[in-house]
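For reference, the chain that follows is the form predicted on its own, supplied as structure tokens.
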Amino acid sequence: MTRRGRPGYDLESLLAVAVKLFNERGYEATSMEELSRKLGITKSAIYYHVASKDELLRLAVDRALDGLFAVAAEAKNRDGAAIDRLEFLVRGSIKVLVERLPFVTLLLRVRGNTKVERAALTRRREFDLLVTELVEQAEAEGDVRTDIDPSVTARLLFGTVNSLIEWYRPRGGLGDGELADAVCAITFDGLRTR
């Protein structure tokens, strides 16, 4: 439930500034005092929206994870070959990354130092398992190379997707469709059986 706060600062704008600071300075190095200074509001105004800094982190990483799991559910429920569903998942994940870049960036930087981070890492491992299962299905259908362990394939594939946070900038240049085309052309050509 979103509560109303000081004009100009609702939960969304507060979360956007918090995620920006977490990405710039690191979650642990960012204090609520610093966040309040950046926003130009008191800490009590922040606490009107959230109970803690941990809650801000949870909301942020869940924004990324919920998007990824929504795409994974779509991929799982699609008809067709596993390789096509895997490509759908990669393309959808890139779209989530582009649309929620600060949130995905933060997610990929958590290390498990807090309860919230450990929960996020658990969900990331669940996502990795879904990808690995799709790779295994694609192998069983004869569409993916069998000389590479499916979990390695899944990690390399999503390592490529996840690396986009390091260099992709949405200002001008490639949109999510063009970016997905490039990633899929490079990765899937290497994955497919000949």
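Computed from a prediction, not measured in an experiment: that's the story for all the values here. Residue numbers run from 1 along the displayed sequence.
A second form of this protein, the form predicted together with a further copy of the same chain, is not displayed here; the remarks below concern that form.
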Problem - Within 4.5 Å of a further copy of the same chain in the model of the complex, all of 174, 182 and 185 (non-hydrogen atom) - result: yes
Exercise for the section: Could you work out which of 51, 70, 129, 152 is the residue within 4.5 angstroms of a further copy of the same chain in the model of the complex, going by heavy atoms? Expected result: 152
Practice task
With a further copy of the same chain left out of view, choose which of 95, 109, 118, 76 has a non-hydrogen atom within 4.5 angstroms of it in the model of the complex.
Solution key: 109
Practice task
Check whether residue 163 has any heavy atom within 4.5 Å of a heavy atom of a further copy of the same chain in the model of the complex, and answer yes or no.
Solution key: yes
Handout entry: a further copy of the same chain contact at residue 24 in the model of the complex, heavy atom, 4.5 Å
Key = yes
Problem - Interface membership of residue 56, a further copy of the same chain in the model of the complex, 4.5 Å heavy atom rule - result: no
Handout entry: in the model of the complex, residue 40 touching a further copy of the same chain (heavy atom, 4.5 Å)
Key = no
Fill in the blank from the handout: Restricting to 123 to 147, the residues within 4.5 Å of a further copy of the same chain in the model of the complex through any heavy atom are 142, 143, 144, 145
